[in-house]
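In what follows, one protein chain appears twice in different forms, each by itself as structure tokens: structure 1 and structure 2.
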Structure 1
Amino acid sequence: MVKKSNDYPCIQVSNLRKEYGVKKTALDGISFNVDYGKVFGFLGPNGAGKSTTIKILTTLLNPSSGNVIIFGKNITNQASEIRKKIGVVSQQPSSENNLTVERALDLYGLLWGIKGNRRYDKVSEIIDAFDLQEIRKTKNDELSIGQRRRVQVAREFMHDMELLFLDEPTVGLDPSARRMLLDYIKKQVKSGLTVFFTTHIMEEAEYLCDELAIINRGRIIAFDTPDGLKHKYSDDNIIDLKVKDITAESILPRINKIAYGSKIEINGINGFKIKSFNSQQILTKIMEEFSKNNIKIESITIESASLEEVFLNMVNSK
């Protein structure tokens, strides 16, 4: 995995459409690029079109129209060249039920043409990295769903690749296994791997991704860094203000004037919750106005919107 300094992106998707049958539009003309060495997150609710996109990008499914270029190669006529350099963890579980974890990893390495000692070393490395020691001799059909998923993701790292697709890889994992997986991916990205990752869990997207596309009903409705999305789309910064020696009611007109256009709620006898997109400015004005008029503040904080709120707002409003 060598970091590329190409002047073209790793993935270029333009105007991609997919119809299942005549009526069912799964992808309604999506476009995006993913640069080398980045984690790109595809965040969307069930049925948004995430798996369809992954299937097309990994050459498992033909698009109805549009263009996909990966490593500078076209998926329609250079699929086999692309496949050699990608890894895929699909949403469907794998089913080597009779094999032990260790054997399944070994076999997967063999399928990818990894030879003798190197394969043996790699199996040990992966078993350690994914905390599989305890189940290395356990057969696949005796594993829990979360363990199976962990093995399915782990085995993909048996071979070298430049680009890895992960379709909701953390579903069924417990929090520590989830964190371990995300951290392992981060480490691989540091050494040059490019990752395309789908999830419906915002914290994950926020933790892992350099860039995010929010997809809903086959359309990309937002595209940015996790922080950028929060700033651009959240009008949900909430100022939590408590005053001293005075009732909220009595200074409501003042607050109304300072925070004109914001959503203002009285919160208890001496508190306000002010929902605003320019909360920083409002905060400054409150401090100025209050000190001028000798109104004492007991406490004041700003809660910023979570990516989850941003996401839910967007998905529900489009």
Structure 2
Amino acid sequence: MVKKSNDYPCIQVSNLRKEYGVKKTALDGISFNVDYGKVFGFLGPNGAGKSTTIKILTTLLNPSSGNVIIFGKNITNQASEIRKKIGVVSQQPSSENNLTVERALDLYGLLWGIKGNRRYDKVSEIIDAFDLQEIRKTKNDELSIGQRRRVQVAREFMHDMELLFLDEPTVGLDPSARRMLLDYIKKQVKSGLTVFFTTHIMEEAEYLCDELAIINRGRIIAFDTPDGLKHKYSDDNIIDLKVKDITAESILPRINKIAYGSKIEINGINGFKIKSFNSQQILTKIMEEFSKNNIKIESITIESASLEEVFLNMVNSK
């Protein structure tokens, strides 16, 4: 894969709509761009429009209106040219049940036109990269759900591609296999691969994605980097406070008075966790109160709300 230096994004989506009949609008005029060599996270609850978007972007479904340009080509009349350069791992399980893992990978390479020794070398490379050595001679229908999923993702890397669509690729994987996959994707992205990624696991989105869009009820309701979303849309921050030479219980009434209306929890013998939408103001008041009464602070930090909390707050409020 070679990094692109085009003036246009890898994916350009403008006012995309998809309607099913008169009453059902799956996508309500969404717009976004995905740059080359980036991981774009597309997050949303079930039924939000993620799968419909992927089907349109991968040329499996025609839009009702709007424009989609991929690699500078329009999906409505240049679909075959786009398909040659993309890979797709869908949510639905897919495997060649009567073939061994090794033979299935070889067949997939053959279907993509990879010839002879190059295909043999590619199979060995993928088996090593995805830790499939122990099951390479095992038939797919004899594998566990997690193993089948790992093979399903691995086989997509048998062919060269510029853009990969991953629709919840880690479903069924254990934590070790999940991290291995995410790290492998990161490595491929450094070589120029562009990835369109959906997941319900917010830690994955935060670990892997350069930019995120949150879709709900067919509309994009937020777009930013993971840190940008947390900073922009987080209502609550958490003050993690520890005092010195005094118990938390003994000064709890003071904390309750200063942080009235906040969620306050005693954390150990001398600590508090205070969740509040105006954490900076509360922290200033705490510092003033403690200084007046000679209460010493051992440590203090402010933690942003997690990406999961931001996501849940946004989709539940729309």
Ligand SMILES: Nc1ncnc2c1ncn2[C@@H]1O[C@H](COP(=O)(O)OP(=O)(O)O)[C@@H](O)[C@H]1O
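Whichever C-alpha set is largest while still superposing within 1.5 Å between the two forms counts as the rigid core. Each residue is numbered by where it sits in the sequence of structure 1, with counting from 1. Owing to the predicted nature of the structure, the values given are computational and were not obtained by experimental measurement.
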item	value
Either 1 or 2, the form predicted alone	2
C-alpha of M287 moved at least 2 Å between structure 1 and structure 2 on rigid core	yes
Core-aligned CA displacement of F277 at least 2 Å between structure 1 and structure 2	yes
N267: Cα shift of 2 Å or greater between structure 1 and structure 2 (core-aligned)	yes
Shift in Å of the C-alpha at K257 between structure 1 and structure 2 after core superposition	9.5
After superposing on the core, C-alpha shift for S299 between structure 1 and structure 2 in angstrom	4.7
